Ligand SMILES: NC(=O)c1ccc[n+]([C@@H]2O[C@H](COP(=O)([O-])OP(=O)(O)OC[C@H]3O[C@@H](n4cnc5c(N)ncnc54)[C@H](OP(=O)(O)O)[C@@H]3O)[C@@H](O)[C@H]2O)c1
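In structure tokens, one chain follows: the form predicted alone.
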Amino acid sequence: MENVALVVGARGVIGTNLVEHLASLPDWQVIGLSRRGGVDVPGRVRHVAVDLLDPDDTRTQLSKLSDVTHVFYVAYQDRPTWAELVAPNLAMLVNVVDAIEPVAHGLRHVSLMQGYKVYGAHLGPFKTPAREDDPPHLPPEFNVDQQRFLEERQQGKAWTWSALRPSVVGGAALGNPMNLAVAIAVYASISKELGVPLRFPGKPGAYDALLEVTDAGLLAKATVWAATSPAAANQAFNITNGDLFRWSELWPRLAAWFGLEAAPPLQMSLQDVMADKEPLWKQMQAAHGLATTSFAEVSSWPFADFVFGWDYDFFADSSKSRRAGFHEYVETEQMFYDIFAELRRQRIIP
């Protein structure tokens, strides 16, 4: 039986890799939803432009998608405060389910992408390793509200749900406000262009904290596994690369990949120090024959500042997914090298 995936948020770093992974599998057709739409791949992937905050537009655009069997919800809209994130991000999920459930009579699964905000990781030091059954924290938290909505909607239905909880996701997709690997690559490229060493810019304690990340390709495999495995139905899973690291050990190696020395850390806001670098970026593109990506497309500076500010341990226990049957693993250091190499192959960085 062929599966038809509806990837909601198909143009982000998670969605892009998920679409590519699904399209590589023999028994999947893929429909990507995003505000911008995308380029169709005949016979494999088609894109639909939709405003998910508009219930009427969502209903109209999804009204003909009666063959959808799996919804993969990876959409996200950023807002200035944690409280402001709740209304739009919950509304988009509700609008999608309200629109697709009445028309897709063969719907089998709804997959929800979450993160460590469920554990309060964004608020400050939290219990590590975080586990899926840890007690909740005081709201607001849209991830929790989204999962509660799915749990309640699924009651008595034929379809199941799953929730994936990755750490910081690593991938090469551009134009995403939360892409740490791209931010590091651009920061290193600019440092090299200016003839300065690569300094860790975060809080002093963050250099030695114990961390983990999640490769976008591994996350895509885990997402499809959870959506198709009976052992994963109606559950949440932490999904990580499987190893831990400290910036103090990894940072000099990342610097060396770019041919740079790693000088002692110096706390600084990348958002501030990169504010005047757009002219330099354009000069670099001309000098090195790079692709004409805008500086905004490769700038995830607020997110990088956020991650580099974690002066506390940041990791979860991902053994539940292994016990349920998912055994993929990615070495984090090699993940960064692979992303940097892909950015260089695409002529995004010199």
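Residue numbers run from 1 along the displayed sequence. Since this is a predicted model, take the numbers as computed values, not measurements.
Another form, the form predicted in complex with the named molecule, is not on view; read the next lines as being about it.
Gly115 is the sole member of Gly115, Gly217, Gly242, Pro201 with a non-hydrogen atom lying within 4.5 angstroms of the named molecule in the model of the complex. The contact with the named molecule in the model of the complex, taken as any heavy atom within 4.5 Å, belongs to Val168 out of Leu107, Val168, Leu93, Ala236. Three-residue candidate spot Val13, Ser34 and Ala75; every residue lies within 4.5 angstroms of the named molecule in the model of the complex by at least one non-hydrogen atom. Picking from 22-30, 50-58, 316-324, 280-288 the stretch near the named molecule in the model of the complex, with a 4.5 Å limit on heavy atoms, gives 50-58. Under a 4.5 angstroms non-hydrogen atom cutoff, the named molecule in the model of the complex has Pro177 among its neighbouring residues. Remark: Phe142 counts among the residues lining the named molecule in the model of the complex, judged by a heavy atom distance of 4.5 Å or less.
Contact annotation: Trp301 falls outside 4.5 Å of the named molecule in the model of the complex, judged by heavy atom distances.
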